[in-house]
Every structure is written in C-alpha cells, then in structure tokens.
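Just one chain is shown here, as structure tokens, and it is the form predicted alone.
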C-alpha cells in the first residue's frame, strides 16, 4: 500500500470509529459570518477585538526538506460600532507574516431597513462560496485554508463596492441573499509572474481607489438553512478583468472572468461536514488558452468528529476532535490541440487533523498534509508531505 493511500485509509478508519459526541455545524448563516465574532457580544456602542494565528511547518518534497520553521501567520484587529438602531460599522485590519503584508480587509457600513433588506457599502467581502465571508482562523480545525478557496476563489478577497443583503423564513427554512457591485479583479489574472492563469494575482490595492476598466464586477449568493441540519449556498462572481479602456477608447477586447461556487455545511450523525466546489471560466488572449488556462475548478470536503470531552477545571465544553480534509484543484482544465492529451496543472491533497478547543473561540491543531502535484505537461508527480502544528484564538 502506498504511503498516501495508507494515510487516507487510516484517517477514514479513525473517523468511522470515533465516539459519537454531539457534532454541531455552526448555526450562523454564512452571510452573518463577519458579525459572528465573540468580541461583539451584546455591545451596543463600540468594541475592539481580533484574532491571532501561529503555526509550525515541516515539509519534505520528493525527499528534500528546508527543515523546521515557525510562523506567526496572522494578527487581525476588528473594530465594531453600533452607531444607531439601524446603522452599524465593522472593520478588519490584517497583519500577515508579521508586517510583511498589511491589508484593510473590511471597512463597511450597514443600514438596515428590515431584516429582509440591508444596504451595505465600503470595503466588503464578496460572497463567493462560504469561506470568503467566514475566513477567521479560530473557526477552522485545519492550519491551511482549502486550496479551492485560495487558488480558484481568491480568498480573502476584499473589494470596494456596495449592495444589499437580507434574510427571511419560509416554512421553517431560512432563506438568505447577498447582491453586490464592486471594482473587481485586475489584469494580473493573466499578466503575472507565475506564467499561468492565476485569479488571486488579480487582487490589487489599486482597486480600492478605482476600477481598472470602469466596469464593476457583480457577485451574489443565495443560501438555504434548515435548523438541525445545515446550510447550502449557490454563489457567483463575474466581471471584466482586463484594462480594455485607455482615455475612454477601447484598446483591447473585453475579457470576462466568472466563478460559480456551491457550498454546504451539515451535521450528519456524529460528524460535521463542510465543503465547497468552484468552477471558473476566464477569457484569455487568443492563442494562449493552452498555456494560460481558460477553465479552472476545485473542491474540498472537511469532516470533523468530536471524540473526547476532557474534564478540565474551568473548561466545561473543552473538546478534542479528529478531522479529515480531501481536496483537489485543477488550474488548467483542457486538452492539447496537437495531441488530444489532458493538460495537467493540478494538486490533490489529503489532510488528517487533530484539534483541541478549550473554548469555542480558541483552537490548538495538528495536521499531517500529503499532496500530489502535476505540472503543465504531466511530468512525474511531485509528492509533498509534512506536519503542521498551530493555534488560533479570538481576543
């Protein structure tokens, strides 16, 4: 049995025999993720909070390792203010890898007309899938974010824009919607240093100031939640990404980028199950569609099972859980015109995990990651394996 298959079989077996402690998927709607943070609580005016995340890394790629390292991955500061009965403000400032990258991820104002209609404007998180609006590290039992949410869906994606969202109940089912116009992704989707189509490279701080082509992107998500089961959502993000205008004159063909995503979260017996599936289409310059992929897709499934509730003084709800993540991304879905063979630029991964939560807002986690990578022309698989141990906590 190969090493990778052994990891997968072992992980599934452990989860199958986990003790049936009550699993429970987060009962908050996906669209409420940015307000589902412990520092807000019942505050009526202004509050400051945040989270910190750190981890260790030790990986081996085809027998070669760069050794052991430690990383303070993120330090995020939140500010919230209930300005009046119908107006509230929220912001998030992120320091990533120390001060290597400092970004204003959120700075928005909500004006509630009714629960079914809320106006939002500022730097927002477009509702692509589930994680982009629910990306806080303490919410997750895995050290790394799923590949599909960082490679196909460019999380965390923050854009200047405005729109509406709301929710309502029908026959016991909670319905939610989000609709926004934002500045959108930029030219670097294709014109980047990676030499392939890369949607995350299209994120640009300049987009906080102005749109590169004067044509806003559209995004939206529709979700359904049934109490006691979970939530499913269907979302879309689309817009022209290239700078086709110069001083009001069209100097290039308009190129559209579209991402469709399906996300789900449910409690199934003793297990919590959450996943996302995304498919992207990108208009690339003619004659470049083999090197620069015009179709990408990816998906992941996370399975978490609480297996032990240790008796710790002062921590009545402390929980140890086992988890398993299965994921795959394909950055260039297509075939070579000359040979008819499949273009390969993909990653497949298996990630078993152990996590300990002394409280709901703090997690200590250990992951073993094993993934297989194929390059553009399908050369022999590159195998990478390694351990990560980390923590994340709200404050």
Partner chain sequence: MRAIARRTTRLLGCLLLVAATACDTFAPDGPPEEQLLDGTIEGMPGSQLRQHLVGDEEFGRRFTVEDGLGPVFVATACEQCHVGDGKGHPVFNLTRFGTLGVNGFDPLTQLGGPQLQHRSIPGYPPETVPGEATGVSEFTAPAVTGLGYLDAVDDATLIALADPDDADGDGISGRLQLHPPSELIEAALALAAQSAVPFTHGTLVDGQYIGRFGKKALTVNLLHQTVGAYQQDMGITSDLLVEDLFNPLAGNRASDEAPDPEVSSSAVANVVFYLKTLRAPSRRDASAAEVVAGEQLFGQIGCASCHTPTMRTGRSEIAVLDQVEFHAYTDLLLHDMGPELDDGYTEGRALTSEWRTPPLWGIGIQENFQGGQAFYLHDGRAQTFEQTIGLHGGEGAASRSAFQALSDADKTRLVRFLRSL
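Positions refer to the first chain, counted from 1. Note that the coordinates shown come from a computational prediction; the quantities given were computed from them, not determined experimentally.
The following text describes the form predicted together with the partner chain, which does not appear among the structures shown.
Among heavy atoms of residue 224, none comes within 4.5 Å of the partner chain in the predicted complex.
Among residues of the shown chain, residue 172 is not one whose heavy atoms approach the partner chain to within 4.5 Å in the predicted complex. Though the partner is left out of this view, residue 290 does reach within 4.5 Å of the partner chain in the predicted complex, counting heavy atoms only. Although the partner is absent here, residue 190 sits close enough that one of its heavy atoms falls within 4.5 Å of the partner chain in the predicted complex. Stretch 55-63 is the answer when you ask which of 326-334, 359-367, 55-63, 29-37 has residues with heavy atoms within 4.5 Å of the partner chain in the predicted complex. Checking 228, 98, 285, 168 against the partner chain in the predicted complex, a heavy atom within 4.5 Å turns up for just one residue: 285. Contact annotation: of the candidates 195, 310, 314, 115, the single residue with a non-hydrogen atom within 4.5 angstroms of the partner chain in the predicted complex is 195. Interface residues of 361-395, taken as those with a heavy atom within 4.5 Å of the partner chain in the predicted complex (partner not displayed): 368, 370, 375, 376, 377, 378, 379, 380, 383, 384, 385, 387, in sequence order.
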